[in-house]
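Okay, here we've got a single chain as structure tokens, the form predicted alone, with questions on binding and movement later.
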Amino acid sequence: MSEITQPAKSGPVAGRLANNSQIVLLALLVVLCIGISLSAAQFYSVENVIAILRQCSLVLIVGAGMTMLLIAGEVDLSVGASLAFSGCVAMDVTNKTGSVFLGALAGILFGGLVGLFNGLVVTRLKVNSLIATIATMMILQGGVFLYTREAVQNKHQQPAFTDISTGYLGPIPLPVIIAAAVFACAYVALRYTTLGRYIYAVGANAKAARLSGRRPEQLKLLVFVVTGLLAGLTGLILASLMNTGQPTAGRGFELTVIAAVILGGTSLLGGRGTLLGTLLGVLILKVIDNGIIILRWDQNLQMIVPGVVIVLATYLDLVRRRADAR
């Protein structure tokens, strides 16, 4: 036991902080909430809290899939473009069929097809997932304008479509309930099932996992599809919130998701991460975004913060791995 605990005691401060990242993140979240509320009393208003939760729900849904994907040793940079295209598909099919159900199904399945395409390119063609999904992002960003030259409006103004994002179940907004359900399912799958153990094993050492009888390619393909489906679901919710399918809606969304996930302690190198950490990462980023707005700071800071987070979180991950090696 002393051999296990010794590195944490003798390591650098950064290493100890990295090994207790969830406690640090929780403390940071509390400090941020207190600091912003002291400068802006409306921070704790019901309307503002609901606004934060709505924004968190969009990132958390995709973040659940991205967490599993990063743990498996892969990444998907096309989720932003995918959710924008999925929203356009959902709105277009709803307009053409008059059915919100068919529109929602089409949007989610389109996201799943994008995930399937990414997974096949990575697992069958052996293209690095970073390169493969950047290519997919570019294809989708151009393809959505071939599919629709402009934003797809809700022609029939169906309340059922807007209720997806603006509706409530009791006092809780529907997007928050959807995000909670997705988070709960992903948490159970990752922590308490054989599938979750395989995801960690493949990300930690794919060769060892293959030698033990597991098939990393099939597992990675599955996680890519799940991430795509969740991007499609988020695209549906976002299109409902805007009451239109907007081709540029997902620009930069993928960076926010990745920043939240790695801030939560998930390693870019695979094999390490938790969904609870991702939840805390999402909350921190969205509280910062909200603080920038209500404090009336320059909103360009909202793009700067995720970039800074990615650099710092990646550095802490490297420090943590060095501490583990010692």
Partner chain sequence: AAEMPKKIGYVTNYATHEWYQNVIKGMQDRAQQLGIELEVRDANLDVNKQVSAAEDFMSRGVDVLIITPVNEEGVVPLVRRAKEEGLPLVLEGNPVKGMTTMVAICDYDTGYHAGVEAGKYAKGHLGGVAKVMNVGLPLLSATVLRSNGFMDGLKTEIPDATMVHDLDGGGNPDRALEISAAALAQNSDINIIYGINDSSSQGGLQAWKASGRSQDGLLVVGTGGEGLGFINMMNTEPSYQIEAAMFPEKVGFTAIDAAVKLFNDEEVPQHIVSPTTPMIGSDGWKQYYSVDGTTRTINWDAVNAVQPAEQCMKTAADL
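Positions refer to the first chain, counted from 1. For the two forms, the rigid core is made up of the largest set of C-alpha atoms that agree within 1.5 Å on superposition. Quantities reported herein were computed from a predicted structural model and do not represent experimental measurements.
Note that the form predicted in complex with its partner chain isn't included here; everything after this is about it.
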Contact with its partner chain in the predicted complex, heavy atom within 4.5 Å, among Ala151, Leu105, Ile177, Leu113 goes to Ala151
Closest heavy atom of Tyr168 to its partner chain in the predicted complex, within 4.5 Å or not? yes
Answer for Gln157 alone: is it within 4.5 Å of its partner chain in the predicted complex, judged on heavy atom distances? yes
Would you check, heavy atoms only and a 4.5 Å threshold, whether Ile294 touches its partner chain in the predicted complex? yes
Look up in the predicted complex whether Leu29 has a non-hydrogen atom within 4.5 angstroms of its partner chain, and give yes or no. no
With its partner chain left out here, work out from 274 to 282, 47 to 55, 61 to 69, 30 to 38 which stretch has heavy atoms within 4.5 Å of it in the predicted complex. 47 to 55
Using a 4.5 Å cut-off on heavy atoms, what residues in 224 to 253 are near its partner chain in the predicted complex? Leu238, Leu241, Met242, Asn243, Thr244, Gln246, Thr248, Ala249, Gly250, Arg251
Does the C-alpha of Gln42 move 2 Å or more between this form and the one not shown once the rigid core is lined up? no
Taking 2 Å as the cut-off, check whether the CA of Leu268 shifts that much or more between this form and the one not shown after a rigid core fit. no
Do Pro306 and Leu83 have their C-alpha atoms closer or farther apart in the predicted complex than here, with the shift being 3 angstroms or more? farther
